[in-house]
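Below: one protein chain in two forms, given as structure tokens, structure 1 then structure 2.
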Structure 1
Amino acid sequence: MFVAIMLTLVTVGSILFHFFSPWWWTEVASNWGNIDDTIILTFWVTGSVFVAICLFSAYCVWKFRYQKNRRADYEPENPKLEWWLTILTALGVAALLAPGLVVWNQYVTVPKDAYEIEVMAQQWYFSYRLPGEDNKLGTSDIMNITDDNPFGINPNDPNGQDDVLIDGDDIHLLIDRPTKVLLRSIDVLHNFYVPQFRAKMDMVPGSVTYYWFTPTRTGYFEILCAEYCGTGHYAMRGWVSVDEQEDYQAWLQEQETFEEMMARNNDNKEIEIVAK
């Protein structure tokens, strides 16, 4: 009796916890609200299986508890029942998988007009690069990295000259504009994750990874590194601000381009030489 009650309590407790938990996901701030929908669907399908199995066990434990002069049934197998259960499970699984793959297909299919920005990770912070007026990011290489050129942008690539660099500050995104983030790391693995956007992808040294999303809500959101990257992993954060057109343009005007930065670096050097 006691055991059956405890099993029932654990089941009912889990359901109550689920519905009354104050801990639930943040309000979504991107187009990936349909990921939340697939999770809800998964909850209903799998949750009902969990509840059914636990309550069934609780019932058996109570109903078929040991009695000295009773005999258990003798039924080695029941192929019909087993096949039915197999087929039903397969259908349930298909019902989860099919919508999941549809949404995944959207996730990996980047819209043609998506605005490309680059996020560059190193231990333990993020910096960003926007394509500038020509809408093209210049090429880059770890071998080009110097104190003057921390992004390693190819100085001879005309596409790179007007790239906008954001080093040590927040990144801003324009609301409702499909955005493709190109992810690059110059040291170890990292991950670019904003809980409210629901999306993430690792950043791998030696290759460029990506994902896309459309910010749908203005606000100021925390960026977290979601791939263990060394002692400072937990402190590797950043902030993204999703802006309306006006604020966004105002912010963009203030940022420095690669060309401007190189010029500034040269000026500084000349000043140094003159000073000497």
Structure 2
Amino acid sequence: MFVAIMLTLVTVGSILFHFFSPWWWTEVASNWGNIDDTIILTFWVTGSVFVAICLFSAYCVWKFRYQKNRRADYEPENPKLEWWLTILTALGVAALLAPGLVVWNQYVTVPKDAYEIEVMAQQWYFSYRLPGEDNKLGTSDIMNITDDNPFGINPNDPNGQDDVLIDGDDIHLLIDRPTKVLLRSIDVLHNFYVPQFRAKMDMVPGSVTYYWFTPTRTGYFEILCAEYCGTGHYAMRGWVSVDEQEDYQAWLQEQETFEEMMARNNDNKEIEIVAK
């Protein structure tokens, strides 16, 4: 009886902790309320199963407790029970997967007017590339990566000359603008994760992954690498600032373009040659 009561109390306590827990997710900072709805649905489905199993276990502990004159029955099969378990399990899995597929489709179906940015990961920091005045990102290739061209931008592509480069610094985004994030890695597997955006995706060497979101409120949000990438993984962090138009433009004007970076590198080389 004591064990049955303890199981019941654990079940009730878990339910109360869930509803009154202070460790709930932060306020949504992007348009992905659908992901939160999917998580809540998962809580309801798995929580119902958890409660049912715990209460059933408590009932069995009490109902079939030891009694001196009782003998156990041997029943190796129960077709009716097996059918019920199969049907309920299938319904539970369908309830978990179907909404997730819908949300995933929305997650990777990018609006035509989305603003493209690129995030490049390497051990152990993020770098960013934004389109310039032409609103187009230039092509890039890992074979082009050098100390003078850390993003591997094709120097012969005119669309890349005005690309804005942010090397290992914070990134700023404009509020209420749909943004497509192109993700790539130049060494090992990384993951670009902004918890308040409900957005994360693996960054796979040799390929470009992506997702999109719309920042819905201003603020300063932490970026994390959510995939173990080596000894410095714990320190691979950054910040994204969502700004109003005026603040965003002021920040953007301070950044260096690819053309300006290449000119600066050439000037530095000429100075070194003269010095020698």
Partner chain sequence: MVPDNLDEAVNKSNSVPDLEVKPQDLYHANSFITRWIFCQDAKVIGIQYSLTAIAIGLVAMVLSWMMRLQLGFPETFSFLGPAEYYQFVTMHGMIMVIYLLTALFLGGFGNFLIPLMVGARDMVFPYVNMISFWIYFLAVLILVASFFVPGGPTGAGWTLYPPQAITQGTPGSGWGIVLMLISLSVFVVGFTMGGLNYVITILQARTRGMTLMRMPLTVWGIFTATVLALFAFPALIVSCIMMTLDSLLGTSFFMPTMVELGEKLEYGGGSPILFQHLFWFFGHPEVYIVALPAFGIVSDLISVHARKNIFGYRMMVWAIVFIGALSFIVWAHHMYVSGMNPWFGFFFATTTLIIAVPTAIKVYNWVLTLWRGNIRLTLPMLFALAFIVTFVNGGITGLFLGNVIVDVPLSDTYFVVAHFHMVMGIAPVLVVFGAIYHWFPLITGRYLHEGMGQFHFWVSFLGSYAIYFPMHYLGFIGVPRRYYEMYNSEFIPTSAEGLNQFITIAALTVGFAQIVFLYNIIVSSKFGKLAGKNPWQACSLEWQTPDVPPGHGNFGKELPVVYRWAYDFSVPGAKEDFIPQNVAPNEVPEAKAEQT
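The term rigid core refers to the most C-alpha atoms you can superpose between the two forms while keeping them within 1.5 Å. Reference numbering: structure 1, starting with residue 1. Predicted model, so just to flag it, every value in this text is computed and none were measured.
K.L.:
Would you check which of the pair is the form predicted on its own?
P.N.:
Only structure 2 matches the form predicted on its own.
K.L.:
Once the core is aligned, please say if the CA of Pro79 is shifted by at least 2 angstroms between the two structures.
P.N.:
Yes; that C-alpha moves by at least 2 Å between the two structures.
K.L.:
Relative to the superposed rigid core, does the CA atom of Ile175 travel 2 Å or more between the two structures?
P.N.:
Moves: no, less than 2 Å.
K.L.:
With both forms fit on the core, is the shift of the CA atom of Thr109 between the two structures 2 Å or larger?
P.N.:
After core superposition, the displacement of the Thr109 C-alpha between the two structures stays below 2 Å, so no.
K.L.:
Once the core is aligned, what is the C-alpha displacement of Ala95 between the two structures? Give it in Å to one decimal.
P.N.:
Superposing on the rigid core gives a C-alpha shift of 3.2 Å for Ala95.
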